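Heads up, the chain below is alone and in the form predicted on its own; it's given as structure tokens.
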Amino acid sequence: MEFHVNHPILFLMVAALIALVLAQSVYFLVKALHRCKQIGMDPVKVRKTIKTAALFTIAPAVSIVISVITLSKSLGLPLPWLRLSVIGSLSYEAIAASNAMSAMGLELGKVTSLTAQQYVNITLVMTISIMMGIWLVPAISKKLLGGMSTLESKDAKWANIFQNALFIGMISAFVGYVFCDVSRLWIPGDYSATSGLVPVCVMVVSALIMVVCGTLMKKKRFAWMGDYALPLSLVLGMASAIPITAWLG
């Protein structure tokens, strides 16, 4: 049987796993509703909370759909569908897949067919790496939370600075990936020199859109914009890549 990244068997396997995750979600929803009745919560508020949560889940889901489409060119639909439906994000999945493909002499977005071995290698890199966070939670989260609580009780200002520094450090790892190809500008005769500026310009556009959304939330009291800021900045940022690429060549 010839392997293909969009083989029906892969769709069936992924659908079964996602169905299991959805079944867990329904199970805990039913348990939560049962618990609400036990403690006497207002049914009207419970229904309103469920309705609001369901409604505002649609907006962030747009960015997930865009991410699946982005990765599907090289990886097919089943793998991105699975990775972004359970645990994953476009920033991580794209980097993990790109690194795995680079190790095999391939380039994400330019390869349209993979061998079974290449596909398995990419899947293992994307899956096992993201599971590190799951393994670390029971191992270190209790001690880490206790240490942060102790630090906050001694010096709340320093604890806040420390938490912000940790967050900025994490973001810096992804920002560095955006600038990794800018060095091509100084390579004589490199036909793709200006291509290194494309992700930088896209990042700037996305950041500006996020600033506009934040300003509307603060100045115009558009609180609902908070649920749409991420998908808007993602979709419009990716759309800007088309004219930016044409401009930079």
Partner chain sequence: MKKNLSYIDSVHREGTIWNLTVMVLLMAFPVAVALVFDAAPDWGALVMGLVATAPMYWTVGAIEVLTYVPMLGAGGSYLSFVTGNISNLKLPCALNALEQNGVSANSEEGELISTIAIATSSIVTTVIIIIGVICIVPLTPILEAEILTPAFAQMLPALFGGLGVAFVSRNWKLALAPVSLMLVLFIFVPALNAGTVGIMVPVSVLFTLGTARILYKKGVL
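The model shown is predicted, which means the values in this text are computed figures rather than measured ones. Positions refer to the first chain, counted from 1. Rigid core: the largest C-alpha set superposing within 1.5 Å between the two forms.
Omitted from view is the form predicted together with its partner chain, to which the following refers.
Colleague: With a cut-off of 4.5 Å between heavy atoms, is Leu216 one of the residues that contacts its partner chain in the model of the complex?
Modeller: No, Leu216 is distant from the partner.
Colleague: Spell out, yes or no, whether the shortest heavy atom distance between Tyr27 and its partner chain in the model of the complex is within 4.5 Å.
Modeller: Judged by the heavy-atom cut-off of 4.5 Å, Tyr27 is in contact with its partner chain in the model of the complex.
Colleague: Using a 4.5 angstroms cut-off on non-hydrogen atoms, would Ser206 count as touching its partner chain in the model of the complex?
Modeller: Yes, contact at 4.5 Å.
Colleague: Even though the partner isn't displayed, in the model of the complex is Gly133 close enough to its partner chain, meaning a heavy atom within 4.5 Å?
Modeller: Judged by the heavy-atom cut-off of 4.5 Å, Gly133 is in contact with its partner chain in the model of the complex.
Colleague: Using a 4.5 Å cut-off on heavy atoms, what residues in 3-40 are near its partner chain in the model of the complex?
Modeller: Going through 3-40 in order - heavy atoms within 4.5 Å of its partner chain in the model of the complex - the hits are Phe3, His7, Ile9, Leu10, Phe11, Met13, Val14, Leu17, Ile18, Leu20, Val21, Leu22, Ala23, Gln24, Ser25, Val26, Tyr27, Phe28, Leu29, Lys31, Ala32, Leu33, Arg35, Cys36, Ile39.
Colleague: Cα of Cys36 displaced 2 Å or more between the shown form and the other one, core superposed?
Modeller: It does not, since the Cys36 C-alpha is displaced less than 2 Å between the shown form and the other one after the core fit.
Colleague: Superposing on the rigid core, is the Cα displacement of Val235 between the shown form and the other one 2 Å or more?
Modeller: It does, since the Val235 C-alpha is displaced 2 Å or more between the shown form and the other one after the core fit.
Colleague: Taking the rigid core as the reference frame, is the Cα of Met131 displaced by 2 Å or more between the shown form and the other one?
Modeller: Met131: C-alpha displaced by less than 2 Å between the shown form and the other one.
Colleague: At a change of 3 Å or more, would you call the C-alpha separation of Val211 and Ile69 in the model of the complex closer or farther than in the form supplied?
Modeller: Result: farther.
Colleague: Hey, the CA atoms of Asp227 and Thr49 end up closer or farther in the model of the complex than in the shown form, with the change being 3 Å or more?
Modeller: The answer is closer, because the C-alphas of Asp227 and Thr49 approach each other in the model of the complex by 3 Å or more.
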